[in-house]
Structures are given as structure tokens and as C-alpha cells.
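Presented as C-alpha cells, the chain that follows is alone, the form predicted on its own.
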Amino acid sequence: MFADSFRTYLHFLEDENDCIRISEPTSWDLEASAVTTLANRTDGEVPIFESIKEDTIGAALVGDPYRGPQYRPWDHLARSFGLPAGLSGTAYYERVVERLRSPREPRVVDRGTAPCKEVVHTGTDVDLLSIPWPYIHQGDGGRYSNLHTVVAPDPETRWGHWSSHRMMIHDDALASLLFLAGEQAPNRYYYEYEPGDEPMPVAVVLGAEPAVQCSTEMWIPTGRSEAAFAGGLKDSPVNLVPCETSDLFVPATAELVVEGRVLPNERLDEGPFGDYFGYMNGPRRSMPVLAVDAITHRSEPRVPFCVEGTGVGYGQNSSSTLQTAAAGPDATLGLRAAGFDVELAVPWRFTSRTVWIIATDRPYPGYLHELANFIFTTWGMLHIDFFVFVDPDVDPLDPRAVLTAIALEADPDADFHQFGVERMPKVPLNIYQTPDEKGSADVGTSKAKTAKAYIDATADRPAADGSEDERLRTRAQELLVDAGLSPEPFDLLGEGGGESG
């Protein structure tokens, strides 16, 4: 059984005692995010804040609902896709890769049957401030929505392009969107709609079913439909419904949908914001304006949000979990489809949007440089500034195994490569970039480039056949079992333990 809505997913969490309902009145002003921060850091239950002070529509806030357990972040999402419980990280990746090989086209349902249309406000009835948007970090430029799917027009697919761009609330009908040039949807706005002085229709979807949120985080190639990949992910079509004020389609079971237009040649402040790197990112920028035309939602909608920054280090949040559990398998499939002999491509557990580990074969000299060139210049992976390549028998989901590979196999003189100084695309949010590299706050976005780097932590020596090592390991395990230890943890012994000698 899979989760075909955000509410079903929350019920799954509740059945496993992985979420907690908080009925005590809670403020959207830092209080909900403070509780969520504590839950994220302690691997606690996902909090559902059922009573929000000053709320007028009966909404509940949900803090980091897609966050998985710290050491098995894929567990909750695996269950929502109907996959077996207890999968190892490698097995989970392979199951998701197989699902993504078989996209399933969505189906369109009537407005009358779509839960996201239970309440419809258009025109002068729109009130963006009726929704209890959280103020997430002290120092943020305003109240934000930052865990949603932005649906934008796509000339190559009927269902539009899905992506994630945070939204800062300004008043009852206006917001600003973080549109960074170089990304797919912003490029359409900057290079097609705005030069033609034409507003670009978009829809911001909150509380989408897990497969939708995962496909939003994936790096689906241009011209391919995220909606179809979401269907493949859960092995069942996603239900879509037409918007009220545009030709776009949105997931029918969503909790809340904001419809609007990104206005040409108009800007509003955006930021600062406590970003996913774990620090306050500024300065305040001028970003495109979203004029809201309609708000539709379920009765008593659940509004999810992410406390960005808490997914850095030992904690997980929705953002870091979605990187590991969604973007990782998708990147693995993408690199294999491009002809690279990649075992797994996995975000580094502690900085999931900065460093990635790729376990790969190295069939010929220069292969890793060729692979690095591909990933540093391909849509989606251009966000990552730093890669570590390890041998295919190294588990990239195991930080200790990766650090061991770096320590033993990477020569600081020969295997650390700076790649493309001031020639590679960039994301102007990293803390280590200079103000010039981040781009001008007056312009609001930048086409500037920056450097990338990779470490070759693959073994240079010829692979040994390992037969003698394995014989010694087997003998050591036999001796330990003969001495009285349980054979259960020993991988080289059959049932019954060691040989009595």
C-alpha cells in the first residue's frame, strides 16, 4: 500500500509512532520552528501543530514531515511507496531506480472530486495572509513557504515543470519567489516571458503526496515529465486537476494550492533566510513578484514547512532526507543512462547539498575527469560544488567507509582536483563564495561562474583476488565462534558456526 496523499502519509507516520499531534496553541512566529528544530536534532517525532494562534482557516502546521530517521533517512518514504520495510540503503536505491525506469502518465480528475478544491477563493476573496505561514529563523526577511512544488509552464510536456523555489510572503496577494538564473523554471521566466513582457503562470502546491514531493527534488531531464516519474515512483498514476485561473495542472490530493502569475519587470525583496547550508544567507535580494489569483485548499489544510539548516551535521530535515532518498537514486539512474558505470551516487550525509559521493568503476585513464566534467555541467548536478569518487565496493552511504577511502587512497598531491576555475555554473548561496561570486544584490541574480572540485579516492593499485584474505577472515571468525561467540554477526560462516578443530 502506498500513500496517495499527504494525509495518508501522516497516518502512516502516526501508525509507527513517528509523528506527534500538538494541540496546545502554538505561534507561527518562531515557536513552531523551534519545536521542529528540537525534533530534528534529537531524531524525535514529526510535530503536527493542530492549533495555530491567529489562524483563521483551521490550518495545521507540520514541521519537516518528510524527515527520515537519522541513520536510515529513506525509511518513511520507502513505506509511502509501498516498498518492503527494513531495506538497506543500497537495496532502497535499486528499488527506486527500477521504479523510475517505468514512468506512469498521470490521469486528470474532475474538479468536483479533487480534495484540493474543497475550498476555492479567487479574485478579491484571495487572502494570502489567512494561511499561517511560519516565521522560521530569527533574522529571516519575512514569513516563508519553503516546502512545496512550484508548477510552471513547460513547452515540452503537457503537465508543466515541477521544481522548488522558496516563497516569501509580502501581503494578502503578493509574494516573491527565489528564482535563480540557470535553473529550468527561472530561465523560462527570465529569457522568454519577461523579455516578451508577459506574466508567467505558476502554481505553488503545498502538502503534496510524497511521490510528488520527491519528483520535485529530482533532476528530471528537460522535456521529461515529473508527473510521470512521480507515478512510476509509487507505481500508480498521480491524479491531476486543472487550475482555476490558468492552464496548469496540479496534484488533486494536495493540501493547498496558490495560483498566480510571475509579473514581468517587477521585483520585491527576498531574504535573508536561514539556508540549507546552516547559516543565515544574505544579503536581501530583489526577486520576481508572484501576484496571487486564487487559493484552493482542503478543509483544515495541513501546511508543511522545513527548518532549513537543521539538516546539516548529524541532523536530518525534509530537505536533506529528500536529497538522500529522492535525488540520490535519480542521479544514480541519470549517470547510468548517460553511459557511466556508476554503482551509486549519494549525497554526503552531513552536507547533502554540497558534497556528493560517487561509487564507480574506473575502466580507463581519464574516466573520472570525463565523469566530473559531465556532472559539473549537467542540469541539476551543477548545484553540487564538490564530489568524492570511491571504488564500487565502497558504500557511499557509510561515512566511515568514505573517510577511510579518502585517507588511504587519495594522494593530496595527485588526487585533489580543482575543476574549472571561474568557468562552471554556480548556486550563489554557498558560504565560501565571495560577494563577487554570489552576484549583485541589485540585480537579484547572477550568471557568474565559480570553481568546482573533486577528490579521486579510488584505489590506484591492481585489485587483489582476495582469496587469501578471505581465508584468513573465515578462520578468524571460526576461532571466535569456537571460543563461544554467537555466529550471527559473522558473514563468512554458514549456519552452525565454525569448525571445531
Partner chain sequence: MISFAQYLQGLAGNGDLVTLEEPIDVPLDVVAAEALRASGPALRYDRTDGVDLASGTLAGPDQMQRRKSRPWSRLALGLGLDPEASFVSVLETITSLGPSAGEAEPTYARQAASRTVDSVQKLHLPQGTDDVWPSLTLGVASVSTDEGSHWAPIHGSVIGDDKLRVRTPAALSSLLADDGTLSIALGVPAAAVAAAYLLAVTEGIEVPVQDCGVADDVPLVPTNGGLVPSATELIVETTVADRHPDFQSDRREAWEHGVSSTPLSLSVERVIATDDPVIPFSPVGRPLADDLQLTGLATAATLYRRVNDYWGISPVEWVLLPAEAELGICFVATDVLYAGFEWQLANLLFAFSSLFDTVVIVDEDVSPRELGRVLGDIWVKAHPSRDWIFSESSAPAAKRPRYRKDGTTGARLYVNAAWDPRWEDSYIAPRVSFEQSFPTSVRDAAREVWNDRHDAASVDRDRSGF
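Remember, it's a predicted structure, so these values are computed and weren't measured experimentally. Numbering follows the first chain given and starts at 1. In this text, rigid core is short for the largest set of C-alphas that superpose within 1.5 Å between two forms.
The same protein has a further form, the form predicted in complex with its partner chain, not shown here; the description that follows concerns it.
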{"query": "Its partner chain: the contacting residue among 372, 131, 410, 78 in the model of the complex [heavy atom, 4.5 Å]", "finding": "410"}
{"query": "Option touching its partner chain, based on a heavy atom within 4.5 Å in the model of the complex, out of 240, 169, 243, 312", "finding": "312"}
{"query": "Candidate stretches 102-110, 82-90, 141-149, 349-357, one within 4.5 Å of its partner chain in the model of the complex by heavy atom", "finding": "349-357"}
{"query": "Interface membership of residue 490, its partner chain in the model of the complex, 4.5 Å heavy atom rule", "finding": "yes"}
{"query": "Its partner chain contact at residue 136 in the model of the complex, heavy atom, 4.5 Å", "finding": "yes"}
{"query": "Close approach of residue 60 to its partner chain in the model of the complex, 4.5 Å, heavy atom", "finding": "no"}
{"query": "Distance check, residue 52 to its partner chain in the model of the complex, heavy atom within 4.5 Å", "finding": "no"}
{"query": "Residues within stretch 22-38 having a non-hydrogen atom within 4.5 Å of its partner chain in the model of the complex", "finding": "22, 23, 24, 30, 31, 33, 34, 35, 37, 38"}
{"query": "Core fit, then residue 488 C-alpha moves 2 Å or more between this form and the one not shown", "finding": "yes"}
